[in-house]
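The chain below stands alone, shown as structure tokens; this is the form predicted on its own.
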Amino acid sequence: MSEFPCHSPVDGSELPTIEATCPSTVASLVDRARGASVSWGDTALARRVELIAEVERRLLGRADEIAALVRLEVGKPLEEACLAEVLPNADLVSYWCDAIEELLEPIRVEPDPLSYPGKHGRVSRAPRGVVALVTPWNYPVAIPLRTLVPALLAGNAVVWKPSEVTPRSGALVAALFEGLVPKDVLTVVQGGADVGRALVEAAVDSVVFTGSVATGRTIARSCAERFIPCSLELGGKDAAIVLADCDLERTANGLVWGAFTNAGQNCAAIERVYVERAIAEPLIERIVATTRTLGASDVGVLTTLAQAEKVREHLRDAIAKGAQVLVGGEPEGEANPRAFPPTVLKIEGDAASAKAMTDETFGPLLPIQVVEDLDEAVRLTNASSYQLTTSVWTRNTSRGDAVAAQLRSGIVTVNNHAFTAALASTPWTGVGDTGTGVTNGPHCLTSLTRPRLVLVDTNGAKRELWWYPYTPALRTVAFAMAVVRGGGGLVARLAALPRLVGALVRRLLGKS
């Protein structure tokens, strides 16, 4: 049996074959990447920017090809494939090429000249070396590029394992860099969990992973044992809080898109709605009406049979606990078992404990629970172990901003949802079981670079004040300085000052 899917989830059409990487070769590929990282890191930053900037043109020039391949491998509509996988990543390349020189600019250090005479330094961001990147199948172009572009610009080599579900999209992304970066600076390894394990356990300097909580925990332990950083983005159970003063039409449209884009296969998909009772009925009516207008060309299909079965499991569990299906539901007699209609659920009573309200579904289910007030909505939102993004829907944006301060989520949006992953300058990050990862924005450089201090001492004195020998004069200097700097009241400080000056003179003259 092939390691990779051989047929498209959309229509069953045959997909091009891809050769898997032997796990036993991964360590040597990492070694080659390490060798290549030295000269790449020594390449002038302006030259690296010049080379990587070409990826934007290539990405836009191959938009049709990229969108078509992503549709074939993932099952998302062509419009989404272009809007989510091509255009924002052109912006991403542009942002990093414009910003990287300033972000990597060394910071000058000027220590206190009285305490540390003749000393100056700089703190720079040095590349980690070899970054291991492991990415999922739901956004097979967008997610890897968020790390590839800044990691390469910062002077790292990258060894990347795309998902075994979308290996062809991975190969296409790698092709965008061909001829731009030297051999072995970007290496793609193809395969399943065994290849990913071999990569993470190889002699890499940092790991960036997007995927399941269980795998993330394993990677975190492995990295901790070797004292290397890891950036982990492990999923979400995003909530939307709808206040009674919301714009009904905008809110309904936003919730439907946020729940069903990419068939809900989005770590930032809306998987819980908490709506204040006063507005619940008309909002739900609009959501149901809007959902009824969606067809297969809008929602796409679920990418894998395993994911389709998980969505069915969550739906059945919710119904068994009393959830009401308002639109959609488990399909019967569908020719494509991955096809699943957008489904809206009303959650009451025991259904609040259903998997569809507590576990990540990653599919086209939109559960809605009516709450009495904002406090209840905030409490329920914060109770989840997943805290990636939350949206607040209200006409009073100042109130929405205030609500954001009460939420644990890494990202809060007011009157919108999920789209900030497309903003290259802003961090994409979460809390709790969502993991410790940060992609996008300057903060992601923490896992891709390390601070390095170089300090130069031009002091011509034979010895520093604090060097040997330890003498009574040095002891007097130390404790008098503590008093003068605030370790006593005004009278004590004034009394300590002449002791300090006298002891300093004796110390500098070499007298005890």
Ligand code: NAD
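Don't overthink the numbering: it's just position in the shown sequence, from 1. Because the structure is a prediction, the values reported are computed rather than measured.
Absent from the display: the form predicted together with this ligand. The rest refers to it.
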| field | Listed residue that, although this ligand is not shown, lies within 4.5 Å of it in the predicted complex (heavy atoms), from Phe260, Phe209, Tyr274, Trp393 | value | Phe209
| remark: Among Ser231, Asn138, Asn156, Thr381, just one has a heavy atom within 4.5 Å of this ligand in the predicted complex, namely Asn138
| said: Using a 4.5 angstroms cut-off on non-hydrogen atoms, would Ala244 count as touching this ligand in the predicted complex? | reply: no
| query | Asp317 near this ligand in the predicted complex, any heavy atom under 4.5 Å? | reply | no
| message | At 4.5 Å between heavy atoms, is Phe340 in contact with this ligand in the predicted complex? | response | no
| Is Pro144 one of the residues lying within 4.5 Å of this ligand in the predicted complex, judged by heavy atom distances? | no
| Proximity to this ligand in the predicted complex (heavy atom, within 4.5 Å), stretch among 186 to 194, 115 to 123, 282 to 290, 70 to 78 | 186 to 194
| Candidate site Thr251, Leu365 and Pro367: all three near this ligand in the predicted complex by heavy atom within 4.5 Å | no
| remark: Near this ligand in the predicted complex, with a heavy atom at 4.5 Å or closer, the residues from 379 to 393 are Leu388
